[in-house]
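The chain that follows stands alone, in the form predicted on its own, written as structure tokens.
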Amino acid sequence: MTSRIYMFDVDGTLTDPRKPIDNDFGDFFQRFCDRHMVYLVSGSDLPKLQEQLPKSIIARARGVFCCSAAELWADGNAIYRLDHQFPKLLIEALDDFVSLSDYPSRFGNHIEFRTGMLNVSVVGRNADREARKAYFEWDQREGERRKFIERFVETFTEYEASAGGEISIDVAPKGWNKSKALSVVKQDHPGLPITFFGDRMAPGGNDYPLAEALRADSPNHDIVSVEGFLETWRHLSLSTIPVTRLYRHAS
């Protein structure tokens, strides 16, 4: 085991969005987990994560943070769960976001209740891969999610919202985000440097809070922003470069 901790977002970082991990990369990543201390930090709940990653990888992780770190699982057991009762007015605002959107297509499952958070999607989580891609491309042009997040946090000041994956927005009480994973990992491994891989590192993305917490905590931590599992694979494959050189300031 190396004296460095590796933390990975899942969707868009280890897998294509909502897809199972690539078989060849999965074999490689499993071997990586055998040699390194690995934590997973996902916005999804555990059942969805289990659809994307095999038991062999999940079992090798030191911990699996789900629902943007509102849950922690280790060795198949729930270490903690943070739940929250969202006000009716907030849920109605999310309903309005979906119903009043200019985007023409809907596929169902638009607001999903998870531990400590809500996930809202105009196109709906039932959308297939092609429909997800179409919405993502439209949202990139129109900025629908970004604009809604800006309005939402101004109205509901006790809550935060961030873009999750290609099609959705994660909503949680302020401070309930992936940055919670840092304090847990530091408690178990004090003083060890951390490298974090994610695909939503920019402000408004659900990997951003953890990236910012790592930057504030120590200059020895590294943040690697990727655009898909192939880029993650390429970084991890450069084993001839010393780890501290490979990841330092890679964001």
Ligand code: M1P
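Residue indices: 1-based, along the sequence shown. What you are looking at is a predicted structure, and each value in this text was computed from that prediction instead of being measured.
One more form of this protein should be noted, the form predicted in complex with ligand M1P, which is absent from this view; the next part is about it.
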item: Among 86-94, 69-77, 164-172, 101-109, the region lying within 4.5 Å of ligand M1P in the predicted bound form by heavy atom distance; value: 164-172
item: Ligand M1P contact at S44 in the predicted bound form, heavy atom, 4.5 Å; value: yes
item: R132 within 4.5 Å of ligand M1P in the predicted bound form, heavy atoms; value: yes
item: Close approach of R125 to ligand M1P in the predicted bound form, 4.5 Å, heavy atom; value: yes
item: 4.5 Å heavy atom contact, R114 to ligand M1P in the predicted bound form; value: yes
item: Partner contacts in the predicted bound form for 181-220 (non-hydrogen atom within 4.5 angstroms of ligand M1P); value: N206
